[in-house]
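First comes one chain, alone, set out as structure tokens in the form predicted alone.
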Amino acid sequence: MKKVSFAHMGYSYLGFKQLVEDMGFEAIVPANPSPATLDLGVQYAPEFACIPFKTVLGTYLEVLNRGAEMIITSGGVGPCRAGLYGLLHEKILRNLGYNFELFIFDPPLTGLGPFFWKLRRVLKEARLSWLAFIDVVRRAWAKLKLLDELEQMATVTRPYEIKRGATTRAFNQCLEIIDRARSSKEIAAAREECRQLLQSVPRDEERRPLRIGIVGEIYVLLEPFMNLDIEKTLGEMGVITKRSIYLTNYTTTDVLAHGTEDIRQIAHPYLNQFVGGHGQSSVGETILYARNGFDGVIQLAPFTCIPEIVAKSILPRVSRDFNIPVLSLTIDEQTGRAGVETRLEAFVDLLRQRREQMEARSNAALLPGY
């Protein structure tokens, strides 16, 4: 049985593990990225490469050392250099002496022929019919959607939890439950069980959490190791977070279609062209968060990420025009957890004071004589 692996990106590894196993391969599930993973990637990556490149390279080295014979990954389009990362990963790994198959799947709308040609080769290796493959994908997709749903539910629950860490413990239980679910019926049952688990977390409904939107580059947004568990940290500070990207909605709007036209139109007065990656979306989503009454926005960007550098240069004007504070955090291998937490605490304090001042002014305006 061929050993197949893939990059680790947030909790999606559970969906991809099921996809690979249901195709008849042995899944070499990548471990959660760690400082050792990053160190391994840094050792062999070009210095100028961004931190997602280095972390993914470290992950590939780890799974190849565990016996992976095939790696399946995604490509990219546009001016973002991430579109070339798969090829560069392959060149580095082959120069190190690894012998393996690499399948890089670019978005199908950029070339249906190459997409289906590669897919047919993988299905031939798996000895799987197209009909059986559709069924396999349907179950994996249901699992990925459930993971996105529960992640969002956890971020809304965590700021109200009475006992710190209760939501995270419930969510981790859910990951085990979801991993055990295999059929469509079992995944549906896991959904009900996990929703009940998260709903049963004791809450203090008197709290009034802040709401912060999170925008930026996809890998840094989705992978907790990359963003230093920013959503968990903010949640335990009493903040509801909402990410601009979840894997299944991104796949629907940007991989299987040509992006969300609304976001581009919203960003157009400030950034009127596609700059690669998620730069234009970061600008548009920030405007949307402001319109929807969020207290602030945090932009997460890998160091040297050009699309997010473009967005970062524009966000101060968006912040001023829409009266919404924006904090930009640039992440690289030198970024320390303590430093990020200090900046988050200061930002949250600022937002709380701002809210109190706005409410005081609003209340004063209602008093006679004002």
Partner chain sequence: MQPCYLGIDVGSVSTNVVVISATGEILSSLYLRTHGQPIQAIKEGLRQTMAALPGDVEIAGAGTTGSGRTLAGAIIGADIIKNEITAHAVASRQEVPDVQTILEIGGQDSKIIILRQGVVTDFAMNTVCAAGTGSFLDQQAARLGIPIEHFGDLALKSRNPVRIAGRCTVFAESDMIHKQQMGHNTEDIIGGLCEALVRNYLNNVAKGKEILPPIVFQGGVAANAGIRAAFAKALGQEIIVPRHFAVMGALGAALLARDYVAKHPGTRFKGFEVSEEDYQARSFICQGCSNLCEIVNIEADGQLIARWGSRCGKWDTLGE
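Residue numbers count along the first chain shown, from 1. Everything numeric here is computed off the predicted structure, so don't read it as measured data.
Keep in mind that the form predicted in complex with the partner chain is not shown, yet the notes after this line are about it.
- Remark: M70 does not count among the residues lining the partner chain in the predicted bound form, judged by a heavy atom distance of 4.5 Å or less.
- Within 4.5 Å of some heavy atom of the partner chain in the predicted bound form lies at least one heavy atom of N172.
- The partner chain in the predicted bound form comes within 4.5 Å of a heavy atom belonging to A31.
- Though the partner is left out of this view, Q353 does reach within 4.5 Å of the partner chain in the predicted bound form, counting heavy atoms only.
- Here the marked residues K2, Q18 and E186 all miss the partner chain in the predicted bound form; none has a heavy atom within 4.5 angstroms.
- Only one of 81-89, 217-225, 96-104, 288-296 places residue heavy atoms within 4.5 angstroms of the partner chain in the predicted bound form, namely 217-225.
- Note on the partner interface in the predicted bound form: the residue among S74, Q152, T168, N249 having a heavy atom within 4.5 angstroms of the partner chain is T168.
- A heavy atom within 4.5 Å of the partner chain in the predicted bound form is found for exactly one of R191, K145, R139, K232: K232.
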